[in-house]
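Only one chain comes next, encoded as structure tokens, the form predicted on its own.
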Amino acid sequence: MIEYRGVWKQFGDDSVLSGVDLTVKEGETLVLLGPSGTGKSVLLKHAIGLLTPDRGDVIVDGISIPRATPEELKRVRRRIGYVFQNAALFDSLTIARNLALALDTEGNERPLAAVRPEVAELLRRVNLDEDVLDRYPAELSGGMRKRVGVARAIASRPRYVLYDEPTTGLDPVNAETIDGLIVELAEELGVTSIVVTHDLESAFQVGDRVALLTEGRLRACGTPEEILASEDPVVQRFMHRRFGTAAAQ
């Protein structure tokens, strides 16, 4: 379980998060929606200790991330896969080596030939061919790098996966592949996920619950049906702009 307890975060004079309380239940997929710059990615990064709250706490499996010892933080991070917006691959390594590093969670590096079938299967799950393994990130399109980033995040069969805009820049077919993978991981492995996205179609396909952040605060949280039926004017305006009048009714 991931818990955000009164999380505040400010960068200079810009207040990004203003007392966010949110619990992500075991085994659920929670989707974070909201306008650009409202703190969605910032909130996500707090769960893995990439950012520290100015006030409040973030609890993962009973461990306070801001107060964790280096060993505790390392232990928690081993349970979490993170999909970065820009994939964040190692440019000097082949795709095979990028994925092999993700398999090496205990410091026991195996020869690349020994793990090649595993990393090839990871690529298959994100709709990429095995011949991509011997290429470098710079030789791939942005969408392909994004999918490799998803493959890397799930390589160690994590307990949690944090997705930061996983389908941005993908064509509809590959976006659907990633959506299907998110659902599959939840249903088959019980993975707990947070998905930050601007894609409402994707959000309502993969999310057990949907949370709307506006101006650094949690405006609404509920099932997709509850969000669509909300009478909150802010929620209605957001859904109307994204989905159109027919979907919002």
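From a predicted model like this one, the values you see are computed outputs, not experimental measurements. Just count from 1 along the sequence shown to find any residue number.
The same protein has a further form, the form predicted in complex with a small molecule, not shown here; the description that follows concerns it.
Shown alone, this chain has one stretch from 36-44, 55-63, 23-31, 182-190 that lies within 4.5 Å of the small molecule in the predicted bound form by heavy atoms: 36-44. In the predicted bound form, at least one heavy atom of V16 sits within 4.5 Å of the small molecule. Within 4.5 Å of some heavy atom of the small molecule in the predicted bound form lies at least one heavy atom of Q85.
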